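A single chain comes next, written as structure tokens; it is the form predicted on its own.
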């Protein structure tokens, strides 16, 4: 199988995010970056499928030159090829991102053949737009299912893949003809840590670059706003036996008694 996984460089999850004074950008002077968690799982899913069924995995990202760090991390976990679609660091809206990625994928397939499966993260950890994977699949004319928590080939007819999506009532099962696209959710697997051998090999991995020419989309970011900080207050009801009355009053207020 030829599998392509799409990843995105995002501020490290859990980090404190500061906004620039003009409210147009994230201030990342002292901010670490990582691969979006859903997309870490997308890379792991691709590597696992190839380990089981043979083939190769390519990881592609659109972003600034600094995104090479995230591509080399992917290369240290068993990825065969890494590709950067370079930008000047200006954030792309989902329309422009999808157009650029579809163009890059088209160039790659024209040169080396069609990808059997393209795996996206369900959504990115920063913008969370849920749009790019669907837009790319539509542009390429391929079936797409999002929110996937299981990928299998066994039991599927030849040239198909089975994708499983959890819902409130149970599990939905999709049988997709290849070539296809899926968006996977965090929890579909546990991404592996790179070995020392993998890290050393990733430093020598060839980084391919693909230039694209995509127009700005019609969506426009107005401004970024930091959510209000939540302040939690702790009230001491008392100490020792004298606190019993206050505890009873609180339980009555909560409707427990």
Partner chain sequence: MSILVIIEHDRGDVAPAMFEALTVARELEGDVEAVVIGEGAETAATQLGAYGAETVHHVTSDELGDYSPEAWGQAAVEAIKELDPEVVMTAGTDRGNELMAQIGARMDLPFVANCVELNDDASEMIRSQWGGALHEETTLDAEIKLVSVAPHAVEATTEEAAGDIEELEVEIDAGLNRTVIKDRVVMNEGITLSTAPVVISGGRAVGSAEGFAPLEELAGELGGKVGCSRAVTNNGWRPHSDQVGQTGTRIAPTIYIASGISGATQHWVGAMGSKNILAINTDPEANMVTKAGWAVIADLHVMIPAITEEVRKRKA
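Rigid core here is just the name for the largest C-alpha set that superposes within 1.5 Å across the two forms. Residue numbers count along the first chain shown, from 1. Model, not experiment: these values are computed from the prediction.
Unshown form predicted in complex with its partner chain; subsequent notes refer to it.
Site annotation in the model of the complex: the residue of 113, 155, 159, 128 reaching within 4.5 Å of its partner chain with a heavy atom is 128.
Although the partner is absent here, residue 109 lies well away from its partner chain in the model of the complex, with no heavy atom inside 4.5 Å. Contact annotation for residue 147: at least one heavy atom lies within 4.5 Å of its partner chain in the model of the complex. Though the partner is left out of this view, residue 1 does not reach within 4.5 Å of its partner chain in the model of the complex, counting heavy atoms only.
Its partner chain is not drawn, but in the model of the complex it has no heavy atom within 4.5 Å of residue 80. Stretch 219-227 is the answer when you ask which of 201-209, 219-227, 56-64, 43-51 has residues with heavy atoms within 4.5 Å of its partner chain in the model of the complex. With contact defined as any non-hydrogen atom lying within 4.5 angstroms of its partner chain in the model of the complex, the contacting residues in 235-257 are 235, 236, 237, 238, 239, 240, 241, 243, 244, 245, 247, 248, 249, 250, 251, 252, 254, 256, 257, given in sequence order. Superposition of the core reveals a Cα shift of 2 Å or more for residue 227 between the shown form and the other one.
Residue 12 is not among the residues whose C-alpha shifts by 2 Å or more between the shown form and the other one once the rigid core is aligned; its shift stays under 2 Å.
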